[in-house]
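Quick setup: one chain, the form predicted alone, written in structure tokens, and binding and motion questions come after.
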Amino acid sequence: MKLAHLADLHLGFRQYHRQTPAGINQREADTAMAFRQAVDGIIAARPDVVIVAGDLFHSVRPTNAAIVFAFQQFQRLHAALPDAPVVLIAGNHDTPRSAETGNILRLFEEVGVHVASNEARRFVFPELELSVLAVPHEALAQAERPLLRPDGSARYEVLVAHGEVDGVFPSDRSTVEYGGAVVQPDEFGLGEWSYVAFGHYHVRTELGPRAWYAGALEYVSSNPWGELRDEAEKGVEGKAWLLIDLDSGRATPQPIIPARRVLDLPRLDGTALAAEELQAAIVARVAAVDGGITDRVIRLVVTGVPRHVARQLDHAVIRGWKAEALHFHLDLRPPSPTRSTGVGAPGRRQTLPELVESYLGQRALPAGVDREAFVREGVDLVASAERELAED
């Protein structure tokens, strides 16, 4: 018995300003191509069941083009694998904030997809001896959650859910999606299921025996550089969907060939470098990119760069790199402020990020808002704006 597990497609995702000749945002087109490639691979592998673990779309109001594309791909699956059920749950990006707002995912029931959009549903497929408990984001976000346990009704019992398994996500929260419902590992009976298919974390991660985050099919978060770092730390090579053998529990990644490479170049230390020396070092780093930077998504972090040095760089050359790449981000970071302490020591003016951190740390917040995440997001935005001003 084979199962295909994919998640976090984020169709309709848009980033940067480049468009295709057809007028579609290039990253939106890249994301669609990744899903089409996954469908091609699933049809070739011919699994017995297909699981989509949430965040089919990037927003609750996807574009018409994204809806039509998803409809076409599910039609392809149904036509090629008529006996393989497809189970789809809503992730946090698919879930409207208002209960009165309809969920677009119900549309796909018209092509035979089994959809759990707001409540947990148990789908039973007697001909496959299979039971699937489908738990969307909204069901996990409620105060009273459904019981995440197999009921013993089938030979193969599968749980599919969209949320944040506590203790799995990295400590650097900038690399993960906000808004996920937190689930404790003991809540879903790890080891009791034939397989547990989770969505929400974009980096492929094994949760335990027969339990995985499949990861996203493309770099569709606001911090692709963090995703790259997390993948390197976990020894994960790129994006994929998972082909699961429900009898042995073996999970085999099925790689997705990316439309373009996302690269975080090795950092440079600009401390004590004059503008000419720093410019030469940056040029050398860019020239060393294997295959060049054309149409790629690239970041280069340079630390220890005073504002007056940043202004003296050859920004015409930098603009040329930005035009050549799909996205080129030269992240110039100023030196860390010198802190002095002691009796009678002169006071130091706080930096703007420090002022923002102090203000947001004391501001009244609505119930349920994570203050630590709120403060960090504000500080990161201000620091990013300062770096962009320095670069310009």
Partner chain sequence: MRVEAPGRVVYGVVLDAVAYEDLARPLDAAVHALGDPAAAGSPRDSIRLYTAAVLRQQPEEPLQPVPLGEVRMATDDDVRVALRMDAFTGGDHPTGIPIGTYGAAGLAAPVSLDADFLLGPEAAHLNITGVSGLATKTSAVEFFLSSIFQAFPARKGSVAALCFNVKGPDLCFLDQPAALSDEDTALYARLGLEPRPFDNVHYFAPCKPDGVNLNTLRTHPDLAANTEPLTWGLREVLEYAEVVLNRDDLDAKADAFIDFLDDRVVGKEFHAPELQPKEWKVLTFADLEAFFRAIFDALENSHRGDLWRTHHIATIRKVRNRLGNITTRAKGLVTDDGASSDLPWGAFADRAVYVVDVAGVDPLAQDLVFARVISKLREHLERRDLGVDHVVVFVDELNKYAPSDGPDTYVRKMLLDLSERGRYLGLVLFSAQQFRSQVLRRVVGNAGTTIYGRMDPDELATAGYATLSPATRIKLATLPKGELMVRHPHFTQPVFVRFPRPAVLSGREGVERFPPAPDLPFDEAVARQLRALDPGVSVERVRGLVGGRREDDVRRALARTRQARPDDAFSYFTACLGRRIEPERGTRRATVTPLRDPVDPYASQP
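Residue numbers count along the first chain shown, from 1. In this text, all values refer to a predicted model and were calculated from it rather than measured experimentally.
As for the form predicted together with its partner chain, it is not shown, yet the points below apply to it.
The candidate site formed by Ala65, Gln142 and Arg149 is fully in contact with its partner chain in the model of the complex, as each residue has a non-hydrogen atom within 4.5 angstroms of it.
Heavy atoms of Val111 reach within 4.5 Å of its partner chain in the model of the complex, making it an interface residue. Of the heavy atoms in Ser248, none are within 4.5 Å of its partner chain in the model of the complex. At the 4.5 Å threshold, heavy atoms of Ala181 stay clear of its partner chain in the model of the complex, well away from it. Interface residue remark: Glu276 is not counted as part of the site for its partner chain in the model of the complex, having no heavy atom within 4.5 Å. Here is the short version: of Gly102, Gly291, Pro82, Pro266, the single residue with a heavy atom within 4.5 Å of its partner chain in the model of the complex is Pro82. Residue-level contacts in the model of the complex: of Arg307, Arg299, His315, Arg122, one residue has a heavy atom within 4.5 Å of its partner chain, and it is Arg122. Exactly one of the stretches 318-326, 182-190, 237-245, 216-224 approaches its partner chain in the model of the complex with heavy atoms within 4.5 Å, and it is 182-190. Contacts to its partner chain in the model of the complex (heavy atom within 4.5 Å) from stretch 66-96: Ala66, Val68, Phe69, Phe71, Gln72, Gln75, His78, Pro82, Asp83.
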